[in-house]
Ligand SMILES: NC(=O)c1ccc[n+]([C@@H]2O[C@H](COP(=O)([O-])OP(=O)(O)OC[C@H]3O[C@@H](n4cnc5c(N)ncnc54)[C@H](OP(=O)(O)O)[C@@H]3O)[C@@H](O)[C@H]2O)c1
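Given as structure tokens, the chain that follows is alone and in the form predicted on its own.
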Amino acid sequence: MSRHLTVLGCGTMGRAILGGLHADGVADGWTVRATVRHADRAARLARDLGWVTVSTDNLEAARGADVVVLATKPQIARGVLTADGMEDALRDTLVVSLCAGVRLSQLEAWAPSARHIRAMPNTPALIREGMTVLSPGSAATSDDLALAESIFAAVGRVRVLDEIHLDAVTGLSGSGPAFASVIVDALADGGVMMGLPRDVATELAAQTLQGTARMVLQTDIHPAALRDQVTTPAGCTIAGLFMMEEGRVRSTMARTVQEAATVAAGLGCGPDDPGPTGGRR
């Protein structure tokens, strides 16, 4: 059955999703539209994604859509969903919001004629190694959830959790690629300090993190157990681990996720709805 998919605000994440759908063949036979804010960007995106119709008109792009992916910045989501004519355009449509901090209750108030699912993907979706967590709204059906899962499965792993967890998800996996990049860079710096060429050190650090992460996912062995496998008495690894503990790396990383999650909770809040962080951005 032919479906119509629209991505409103097609930036990095929107392009990643569309690329994954195209590569996986999930969107074969679909009518796909996307919007951006400026005409020159629309022209470039249309050239890059020849199978997608790109415009700057959110209302026209949403009309007739079965699924609308809301990929705008959280601060402008309300304006997009409450624009003149949008309620009719979204009637009986599944809206999947990628907007961090914008709650289901807000989405349902701004677009009451639609069914809603919140999604929090991350940037490794660009290489189809993403992690997405979905939280369905009160009107979303099991078919809606299955459809959303199929869309995001094209770009990585998918989990379904209650909305109460979405801010923590945002702080951990949504912001996590930035934190992991800092770790890769820091490890590479250590290699350079000890004489390795920069490109070699970066490759070693990145592949080590990738391989370790895959071991966790594929073996179900606790990370602490994997750590112990390479930590021999009086060896070099335990010496390095003591340096990490001295630098409070573990507590710093945990607090990093906590702070990111706290800020994420306020991203969708305005001055009349300050939320847990007072609307802090």
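The numbering used is simple: start at 1 and walk along the sequence shown. Because the structure is a prediction, the values reported are computed rather than measured.
Below, we turn to the form predicted together with the ligand, even though it does not appear here.
The closest non-hydrogen atom of A265 lies beyond 4.5 Å of the ligand in the predicted bound form.
At a distance threshold of 4.5 angstroms between non-hydrogen atoms, V52 is out of contact with the ligand in the predicted bound form. At the 4.5 Å threshold, heavy atoms of C10 reach the ligand in the predicted bound form. The ligand in the predicted bound form comes within 4.5 Å of no heavy atom belonging to V200. Proximity to the ligand in the predicted bound form, taken as a non-hydrogen atom within 4.5 angstroms, holds for one residue of S113, S181, Q210, T123, which is T123. Comment: the ligand is not present in this chain, but in the predicted bound form one of V67, A61, V36, A27 has a heavy atom within 4.5 Å of it, namely V36. Heavy atoms within 4.5 Å of the ligand in the predicted bound form map, among the stretches 38-46, 214-222, 233-241, 246-254, onto 38-46 alone.
Although the ligand is not shown here, in the predicted bound form the stretch 203-220 places no heavy atom of any residue within 4.5 Å of it.
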